[in-house]
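Below, in structure tokens: the form predicted on its own, a single chain.
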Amino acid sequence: MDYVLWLKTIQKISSYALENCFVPISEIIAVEETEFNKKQRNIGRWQKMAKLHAFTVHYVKKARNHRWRCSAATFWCVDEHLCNQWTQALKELLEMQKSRPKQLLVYINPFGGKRQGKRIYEQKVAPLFSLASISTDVVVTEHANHAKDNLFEVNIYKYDGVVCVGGDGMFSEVMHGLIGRMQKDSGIDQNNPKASLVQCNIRIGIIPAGSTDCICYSTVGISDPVTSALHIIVGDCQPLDVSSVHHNDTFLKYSVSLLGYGFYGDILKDSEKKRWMGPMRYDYSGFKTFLSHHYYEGTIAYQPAKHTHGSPRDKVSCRTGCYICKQSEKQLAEQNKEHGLKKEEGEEEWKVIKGKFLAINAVNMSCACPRSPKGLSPAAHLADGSADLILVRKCSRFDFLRYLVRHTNQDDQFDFPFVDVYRVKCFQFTSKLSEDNESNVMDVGKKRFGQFCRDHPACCCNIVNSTWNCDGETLDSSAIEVRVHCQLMKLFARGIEEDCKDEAGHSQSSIEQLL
């Protein structure tokens, strides 16, 4: 029987059960046969029929604020053969969705956030994976770097993806394990800052369960375990830029969200001493750091990201299927093909900036969160091969407060004379009192740099350098070299959707259209 005829028949038969349910095949979770009980059969016109045959379609229901939920629609008729044909046809269509995972490796951090990771996974996520016939191998981590070390030992190639249940720290651990494993298997030396890293094609899924879930919020639009689980089930894929951080030809860390020196580095360093306070430690340390008003003197050298099609101040946000990311990736690939991947640094244009800074931030994504819906750089893109370098120069406390407040409203946070922002593909930083004389910033970094405190003697501070905040983890080396690797890894996500309508507002990209 022709699919169109099937559809008209089933719509006519089921019109008493559900009106106008339009769902893309790509957002159907599962199809299963359904048994009717007596109460269901004794409804209206169906009570005279001897037996009903039915199947249930479980699908994604979209609500406001990018939230997804699992909903279901049941179709029934008296023709058993027709019902079976529909069930089989829909299952075959789901099998054709090759991007969907069949087997996942899951790491659960039972200690992060409010220690709810294990409960969240078992009660909210595992039932959905089971419904979608996804098999899982679950590892509950017992100590720091458990997941990272384990990823160097297991056969990762038998999995369609790796899922981390926790906060940004848990994601960072899984990311380092996966990327590190790929470089090891490919014979790439991670200590070489100029090495062309091998792309990691094993996707990472994030089930938010931490104190901060910035990465999940910036790539999905909400920190919600069920929404993230559904993105994993339907097999969404979002490429993600990754920055590598080196010091003296030694690999330190990878970063996907924030690299912060000065204000955000000082907050992290102070808050780590107060973990007993829970999430409140960030508010306390933030207020304390703001009052201290430390600034740091140093030199920054960067290479502009000339391949990008956007700019940090164009107010064009990164959204699902982002045109700027696609075009920037294409342009970067053409540049690499033309000039070669191992082009010498001396051939590139470097720009050098010296000054006194309250904060130096480099972000690969907007870094949006519930408290700061726009993030540190609203127009930053997830996969354009660049980072936004934000320099906040020395200013008064009042002016700095004005800048911070704009993170929470719709005003242009870069519209200050003491704030500069650049889109870069790599940069280097050396503090004035740094002892790392070998950190060469295009022949201007060989001097010794550091912090001046004589301009505000009342602070009585003895800090010579700040600390780098690398995705929520501290880096003690103040002199670093940072490079952006375009789309080095992939997430089970689709970016933030432009218009997230409810079920009634679904487009006509439906079962009818696809069949």
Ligand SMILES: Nc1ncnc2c1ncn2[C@@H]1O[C@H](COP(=O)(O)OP(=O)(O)OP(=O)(O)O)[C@@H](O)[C@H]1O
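The structure presented is a predicted model; accordingly, all values stated were derived computationally and were not measured. So that there is no doubt, residue numbering starts at 1 and follows the sequence shown.
One more form of this protein should be noted, the form predicted in complex with the named molecule, which is absent from this view; the next part is about it.
- Contact with the named molecule, judged by heavy atoms within 4.5 Å in the model of the complex, is confined among 91 to 99, 170 to 178, 237 to 245, 310 to 318 to 170 to 178.
- None of the heavy atoms of residue 189 is located within 4.5 Å of the named molecule in the model of the complex.
- The named molecule in the model of the complex is not approached by residue 266, whose heavy atoms all lie more than 4.5 angstroms from it.
- Contact check for residue 473: a heavy atom falls within 4.5 Å of the named molecule in the model of the complex.
- Among residues of the shown chain, residue 374 is not one whose heavy atoms approach the named molecule to within 4.5 Å in the model of the complex.
- Contact check at 4.5 Å (heavy atoms) against the named molecule in the model of the complex: all three of 142, 145 and 210 pass.
- Contact annotation: of the candidates 219, 109, 364, 430, the single residue with a non-hydrogen atom within 4.5 angstroms of the named molecule in the model of the complex is 109.
- Interface residue among 76, 159, 129, 282 relative to the named molecule in the model of the complex, by the heavy atom within 4.5 Å criterion: 282.
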